[in-house]
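Presented below, as structure tokens, is a lone chain in the form predicted on its own.
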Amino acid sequence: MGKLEHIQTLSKHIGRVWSVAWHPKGDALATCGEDKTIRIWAKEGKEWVNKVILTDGHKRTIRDISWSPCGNYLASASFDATVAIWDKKSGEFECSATLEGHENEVKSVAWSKSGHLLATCSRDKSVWIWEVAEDDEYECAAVLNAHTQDVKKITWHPHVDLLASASYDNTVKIFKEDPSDNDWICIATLSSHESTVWSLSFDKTGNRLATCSDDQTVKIWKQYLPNNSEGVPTTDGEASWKCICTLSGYHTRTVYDISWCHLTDSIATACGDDIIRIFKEDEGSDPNAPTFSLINSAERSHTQDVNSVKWNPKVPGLLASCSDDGDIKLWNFIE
């Protein structure tokens, strides 16, 4: 069934910890929270220790953080309606840019795989795309108003410049740049959840997307390209996204975050019932109607809501989580 072993608890933040983000090399972990700080952790011997604390970037809660693919930049999204960009060019992390424009709390921030684009989303219902220009200049390339409510989370496709966003309006939207006029357009709306979609995660191919919701379910979506052999209809030459699996009956409260491991294909969820759960696709299941099994659930993983889970990009089975209880925990999942 697999075993989720608790490795270490990291306790330095004051108040809720909202997000965890692994460095692309897997050798550092960034965390952020209610105390308006970002902490960067790294391993010393067998223990993870707090190496850096960033304190002067935001005036309110820091909700989300994201490393650039090159690992040289860290972006942070805050309830103060700004996004801060941090870099280490001087030898120490400094805030080199502050991105303004959102009207309300910025809920999520994410770098594209190319590193040339940064996306942000907010309670103001908008998704912004920023182009990274020379000399650390960030130019707003698009303001996308496709959602009708607060946008909770954004994530980029692992290989191409395709952006997915999750919202309080119960939908997920997929965006891409229209090559004919360089405008960003919404090419798909994923509707199946019955309540707020809190988070989403692509698998390693980018052909499938997992979403999690206030409706206590996880859904798996598959991309069907034009002229697909399955005969799934598409429009205007764009791919169609279809819900091919719903995982229900496992979570007893809101599912706040989801992480699809690109090394082992395991899916981890963070839930309001204080439990981390691990799911795996059943061997030999139909790719167009797959089945997934719950292979582990760590009862009382935290003492309060689990807000974020992330698989390490380099070390199979290494998982980080954080919670309203103020703790960050490291886990080793053994299959």
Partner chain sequence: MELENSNPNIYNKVSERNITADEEDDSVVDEIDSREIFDLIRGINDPEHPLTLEELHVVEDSLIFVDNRNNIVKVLFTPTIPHCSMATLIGLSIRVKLLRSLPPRFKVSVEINPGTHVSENSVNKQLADKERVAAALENTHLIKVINQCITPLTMNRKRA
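Residue numbers count along the first chain shown, from 1. What you see is a predicted model; the values in this text were computed from it and never measured.
As for the form predicted in complex with its partner chain, it is not shown, yet the points below apply to it.
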| property | result |
| --- | --- |
| Its partner chain contact in the model of the complex: Q304, any heavy atom under 4.5 Å | yes |
| D150 within 4.5 Å of its partner chain in the model of the complex, heavy atoms | yes |
| Residue contact check: S195 to its partner chain in the model of the complex, 4.5 Å heavy atom | yes |
| Contact label in the model of the complex: E105 to its partner chain, heavy atom within 4.5 Å | yes |
| Partner-contacting position among T61, N288, S293, N50 - heavy atom within 4.5 Å of its partner chain in the model of the complex | T61 |
| Option touching its partner chain, based on a heavy atom within 4.5 Å in the model of the complex, out of R253, H262, K113, K176 | R253 |
| Within 4.5 Å of its partner chain in the model of the complex, all of K25, W221 and W331 (non-hydrogen atom) | no |
| Candidate stretches 128 to 136, 105 to 113, 203 to 211, 91 to 99, one within 4.5 Å of its partner chain in the model of the complex by heavy atom | 105 to 113 |
